[in-house]
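What follows is one chain in structure tokens, specifically the form predicted alone.
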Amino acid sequence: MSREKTAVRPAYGKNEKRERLMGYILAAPAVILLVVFTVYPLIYLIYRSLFGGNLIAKDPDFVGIENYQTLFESEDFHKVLTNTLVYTLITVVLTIVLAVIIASWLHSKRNRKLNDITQTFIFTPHIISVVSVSTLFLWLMDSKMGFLNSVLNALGFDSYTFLASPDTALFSIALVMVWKGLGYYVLLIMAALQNIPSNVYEAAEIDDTPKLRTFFKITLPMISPTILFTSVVATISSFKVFDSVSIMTGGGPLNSTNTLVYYIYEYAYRYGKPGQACAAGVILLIFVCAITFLQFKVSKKRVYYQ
């Protein structure tokens, strides 16, 4: 008979136990903050969306999925969803396209002084608060006394409606937020471009490859992981838009700029319906997760990892 060998579990020494304990102690603050400020609010959001009542109700009534049914039966909520998706599409597409173009142009110039000046001008709006930027453009885009319309009138053109018309208000806000956040994404794309090996471009030059073909067949595939990252970050940021909408339009005109986060704010604090606001918050969470998942799924075969 052969004697079966049993695996002996190695005993941890005192130093190793101390290191493991120290690791748990160092990780504990981050885990506690994550639970307190992320996990618990998420669980409570889902829980509170199943109840009715108002902010001062001691014992809110359990209504189940009634809040969700109310939302999906509301034409205003359909309009809010459409506004949010359109705003996200505009901002993400414009931001990524402009960031890639500007970063590629700066990278091709190889002029350090010019790059530093341009990056400073492009990145500066990113560090300015949204409130300040929104207040500034609220004056610039005023339909009567705004600076931009004064310039247009001086040049002989008619005034542009900007924030005063339902047809142009959402696009105007999107342009403002693209201008504000563009510098951050340009720096990310610039960093990705600088990591591309120079011998790849040298091989393309030896083969006499046209620059446009080099850009689409070499540059874009090589920076595709960064483009994916920036698109995901820009998408999540676009879904969270609130300050600019609150300051520049207040959701108007005619509900044309009302977005999900502003809708949640209104129903929670202005209309006193926290259950419905929490239900909208859960839907926002589902939308963000679903779109992020789709971005990774669609780009799985299009992203080149070195």
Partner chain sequence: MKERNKVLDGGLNILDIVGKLVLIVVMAFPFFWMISTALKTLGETLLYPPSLLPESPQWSNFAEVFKTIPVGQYLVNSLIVCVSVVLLQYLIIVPAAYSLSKYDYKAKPLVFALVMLGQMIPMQITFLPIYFMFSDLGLMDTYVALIIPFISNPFGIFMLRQYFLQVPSEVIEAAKLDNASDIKIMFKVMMPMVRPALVTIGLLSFISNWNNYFWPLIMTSQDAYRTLPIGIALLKDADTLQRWNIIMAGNLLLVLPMLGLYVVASRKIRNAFVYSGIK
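These numbers were taken from a predicted model, which means no experiment stands behind them. In this text, rigid core is short for the largest set of C-alphas that superpose within 1.5 Å between two forms. Numbering follows the first chain given and starts at 1.
Form predicted in complex with its partner chain: not shown, discussed below.
- Task: Could you tell me which of 67-75, 143-151, 88-96, 197-205 sits within 4.5 Å of its partner chain in the predicted bound form, going by non-hydrogen atoms?
- Result: Among the listed stretches, the partner-contacting one is 143-151.
- Item | Candidate from 214, 119, 224, 231 lying within 4.5 Å of its partner chain in the predicted bound form - any heavy atom | Answer to the contact question: 119.
- Query: Does its partner chain get within 4.5 angstroms of any non-hydrogen atom of residue 155 in the predicted bound form?
  - Reply: Residue 155: no contact with its partner chain in the predicted bound form.
- Task: Tell me, yes or no, whether residue 137 is in contact with its partner chain in the predicted bound form, where a contact means a heavy atom of each within 4.5 Å.
- Result: Yes - in the predicted bound form, heavy atoms of residue 137 and its partner chain come within 4.5 Å of each other.
- Item | its partner chain contact at residue 298 in the predicted bound form, heavy atom, 4.5 Å | Output for residue 298 is no: heavy atoms all beyond 4.5 Å of its partner chain.
- Task: With heavy atoms only and a cut-off of 4.5 Å, decide whether residue 265 touches its partner chain in the predicted bound form.
- Result: Answer yes; at least one heavy atom of residue 265 falls within 4.5 Å of its partner chain in the predicted bound form.
- Message: Within 4.5 Å of its partner chain in the predicted bound form, counting any non-hydrogen atom, which residues from 29-46 show up?
- Response: The stretch 29-46, when checked against its partner chain in the predicted bound form, contributes 29, 30, 31, 33, 34, 35, 36, 37, 38, 39, 40, 41, 42, 44, 45 at the 4.5 Å heavy-atom cut-off.
- Message: Checking residue 291 here: with the core superposed, does its CA move 2 Å or more between the shown form and the other one?
- Response: Yes; residue 291 is a residue whose C-alpha shifts (by 2 Å or more) between the shown form and the other one when the cores are overlaid.
- Query: Just checking, between the shown form and the other one and with the core aligned, does residue 153 shift 2 Å or more at the CA?
  - Reply: Shift of 2 Å or more: yes.
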